[in-house]
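Just one chain is shown here, as structure tokens, and it is the form predicted on its own.
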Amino acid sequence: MLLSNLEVVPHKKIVRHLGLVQGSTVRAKHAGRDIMAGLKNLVGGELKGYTELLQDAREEATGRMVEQANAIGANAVLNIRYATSSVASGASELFAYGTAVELED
């Protein structure tokens, strides 16, 4: 499965447009990570616990989007975008979406 944030792929032709595909996950903060992040805020720097949490969420949302694209016969997802939103106190959704297509050389 080819994944790209481009609208077209050089040297490939879109032969079938299959529509929007999406994947999402909702993640909550871990109390231990939250405490460590609070301490890190005092001295500055990267909040590695949150970085890992967001990376895992992106991978899960992307995987769900790819599953949906496979189910409808796509061999590529183009124009991929990510969005986040707060859904509850301490919990956020990470949403991946793109256009499922069939490409050929």
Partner chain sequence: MEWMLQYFEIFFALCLLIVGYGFGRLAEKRHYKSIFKREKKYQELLVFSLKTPPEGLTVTDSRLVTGSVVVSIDYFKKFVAGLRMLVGGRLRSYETLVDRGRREAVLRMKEQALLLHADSVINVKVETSSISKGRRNSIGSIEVCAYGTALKHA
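Please read these numbers as outputs of a predicted model, since none were measured by experiment. Positions refer to the first chain, counted from 1.
Separately, the form predicted in complex with the partner chain exists; it is not shown, and the next lines address it.
Checklist entry - Does residue 59 reach the partner chain in the model of the complex, with heavy atoms at most 4.5 Å apart? => result Close contact is absent here: in the model of the complex, residue 59 is far from the partner chain, nothing within 4.5 Å, heavy atoms only.
Checklist entry - Though only this chain appears here, would residue 64 touch the partner chain in the model of the complex if you measure heavy atom gaps against 4.5 Å? => result Yes, residue 64 lies within 4.5 Å of the partner chain in the model of the complex.
Checklist entry - Should residue 76 be counted as a contact of the partner chain in the model of the complex, where contact means heavy atoms within 4.5 Å? => result Close contact is absent here: in the model of the complex, residue 76 is far from the partner chain, nothing within 4.5 Å, heavy atoms only.
Checklist entry - So, in the model of the complex, is residue 29 in contact with the partner chain at a 4.5 angstroms heavy atom limit? => result Yes, residue 29 lies within 4.5 Å of the partner chain in the model of the complex.
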